[in-house]
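Only one chain is given next, in structure tokens, and it is the form predicted on its own.
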């Protein structure tokens, strides 16, 4: 199971100015945190509460449906293109980078065990889009389009472009075989198109927001198509759920993490740095940034009072960012709370050669495992941050496998929801994102949004020259 080390936020370690009296804090907030945990899980099946993501680990029927589809199309495609943005892409990107062998797309079909290469379209940059057709064989390409509403401008633009390209390559009558949609169970444009054109669909469940959807068909379908054991992902969630449902603060590591983040935010640590010591978790940090920012950055609290709340998430990756950001982390403003992620075991033992035994400044590395160096770097950074009185916690994973990866993401989802409770705001909406979407629709001429065009254009007028 995952472990959370909270020692380096205690006043005994980093001093009274920035540290917490953890026993006192846990006692003071124990009842409140227990109530927040209870309220969260009690509403997991409540319509319109947007907590259905808490039940995704139990969806064995979905696993069977996805496995059946995967078997039916096995060996037919050499390329998988996933079209989505935000929560429809970041979770999948994180999962594949973490769990597939590195350099997946550079490996031979035999090394990929016959599973396809994968590509994400999560941007509308025309230069990058056009280059994708240079590497795809469209006759051997499957496109998974992911949007609940079917109206997300970026996703639908990518879909329209790829559908046209597929039509030219395989003929209009064959295009449906090259498409699979993940969308709303009953409504929306993508659902309508699928019904009219005979395209296979999977569901984005009701009451599951995009950034909490990675363990639905949004993430599980492409994961299965790439050969990942989706059963183990859901097993990981089920295994850790009892811990995350505990109303005992001393046992619930998601509740502990949320409380520490909240108290640090209250005392001025407004930046939440997420720093995994694994190159394969770099995109998980991107996923965390969206989860934290979109869930907790809110203008209003639950009483509709203006609060402009929200810690700012910041991505860092060990060891790379020791040589870019750690100078700031150690000697800059004390406005950050750090979450380190540490792997106890790496999958590929690799030893540093002892090529210069007579040079002490190099020979100390000789015959040492890279795994030891990686964790020494992690521990050294934690020690230096702590020495400089910067609060930090560490999440330790036994290894990076489907079970523990799923537990990491699920723990962070629960921690985020509880942090929303502590801040007294709704962590499941994103009104600040919606306004930008509406302005985009207006500027692109979508019917029904004409009234916003002048407003959006007015925000971009050049100021009068002096």
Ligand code: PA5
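Numbering follows the first chain given and starts at 1. Note that this is a predicted model, so its numbers are computed, not measured.
Heads up, the form predicted together with the named molecule isn't pictured, but that's what we're talking about next.
Chemist: Based on heavy atom distances of 4.5 Å or less, which listed stretch (354-362, 377-385, 208-216, 392-400) is in contact with the named molecule in the predicted bound form?
Modeler: Only one stretch qualifies here: 208-216.
Chemist: Would residue 334 sit within 4.5 Å of the named molecule in the predicted bound form, counting heavy atoms only?
Modeler: Judged by the heavy-atom cut-off of 4.5 Å, residue 334 is well away from the named molecule in the predicted bound form.
Chemist: State yes or no: in the predicted bound form, is some non-hydrogen atom of residue 256 no more than 4.5 angstroms from a non-hydrogen atom of the named molecule?
Modeler: So residue 256 does not count as contacting the named molecule.
Chemist: Is residue 290 close to the named molecule in the predicted bound form, meaning a heavy atom pair under 4.5 Å apart or at it?
Modeler: Taking the distances in the predicted bound form, the answer for residue 290 is yes, it comes within 4.5 Å of the named molecule.
Chemist: I'd like to know if residue 415 sits close to the named molecule in the predicted bound form, meaning any non-hydrogen atom pair within 4.5 angstroms.
Modeler: Residue 415: no, not in contact with the named molecule in the predicted bound form.
Chemist: Counting any non-hydrogen atom inside 4.5 Å, which residue from 167, 312, 149, 241 sits next to the named molecule in the predicted bound form?
Modeler: Of the listed residues, the single hit is 149.
Chemist: Could you check which residue among 99, 157, 85, 132 gets a heavy atom within 4.5 Å of the named molecule in the predicted bound form?
Modeler: Going through each option in turn, the one that passes is 85.
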